[in-house]
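Given as structure tokens, the chain that follows is alone and in the form predicted on its own.
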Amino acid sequence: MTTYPPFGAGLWNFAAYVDRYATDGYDTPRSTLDQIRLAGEVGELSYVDINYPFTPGVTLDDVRAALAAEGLQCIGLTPDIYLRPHAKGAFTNPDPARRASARAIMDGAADAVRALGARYVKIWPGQDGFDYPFQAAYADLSRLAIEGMRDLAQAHPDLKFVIEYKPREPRTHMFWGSAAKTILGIQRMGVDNVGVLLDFGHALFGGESPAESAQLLIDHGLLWGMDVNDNFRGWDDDMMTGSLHWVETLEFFHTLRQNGWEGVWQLDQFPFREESVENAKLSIRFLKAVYRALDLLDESALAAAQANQDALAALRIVQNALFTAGLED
């Protein structure tokens, strides 16, 4: 019987959503506790990443009890520093009061990470960046982003922080926009408790090869977490993993295995119109097939093909493994 890696999901996989067309939402709003209950219904999740602050009226004790009831652990907390109050940025906001209010949310998330025994605080500063030419002085943006992240990490030396980079949305240009730029920023911080969470879909969206970006981050000792999903590359669609890029998904996980990287295989998906529990189950079904395909890869033949940069030979080996693995219900 195959022993699979632990699976996880951002709790937002089980939330309800709005957009500029369905501004009243595609479903009834769900509390943090409702989302935890739905995550438990998947049956194969071990971890969840939880937004912070929790929905109104939900306490830390409530969350702890709900996780225990569903047999789940918290892998990390994601502070909500990208909503309307911080529309001009969290770290890079020109208003010092807004920077301070974002920092207070992140400090609260850090305290909750300790209380829940989670692994990290995940920083996604989606509003940090710019939209128009000449809108901002780039040196100031860089200074504020790097100094702010450094100060946060130094204030909590017992914790790990991971930056989730993304090229754009909601800003047309996000500051932490690529694997390489994030590595350079962390190097400038000079701290040892800041790493990177690589979102597979963000790498696709940014024109990167997710596997190559993973290798780059591993080479610098900075790949501390990852999320998987899928998209058409033109937008961060956050679709079910395996719905489009099968071969690149397999290559991504092959790169992790080749480097001995072990961690949670985590879903970051937004099923606007789909049933969220079934969406997660089907995603895990695909990820299990990927895991079995890794076991079936003819590694020596693949290494020989790669040594010659023989694309056709390599893809034949990959196809043999991927389609032999099959899918299980």
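All values derive from a computational prediction rather than experimental measurement. Sequential numbering from 1, following the sequence displayed.
The same protein has a further form, the form predicted together with another copy of the chain, not shown here; the description that follows concerns it.
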Pick the stretch from 192 to 200, 148 to 156, 69 to 77, 219 to 227 whose residues have a heavy atom within 4.5 Å of another copy of the chain in the predicted complex.
219 to 227
Contact label in the predicted complex: residue 181 to another copy of the chain, heavy atom within 4.5 Å:
yes
Although the partner isn't part of this model, could you tell me whether residue 264 comes within 4.5 Å of another copy of the chain in the predicted complex, counting any heavy atom of the residue?
no
Even though the partner isn't displayed, in the predicted complex is residue 270 close enough to another copy of the chain, meaning a heavy atom within 4.5 Å?
yes
Heavy atom of residue 171 within 4.5 Å of another copy of the chain in the predicted complex:
yes
Can you name the residues of 49 to 87 that have a non-hydrogen atom within 4.5 angstroms of another copy of the chain in the predicted complex?
82, 83, 84, 85, 87
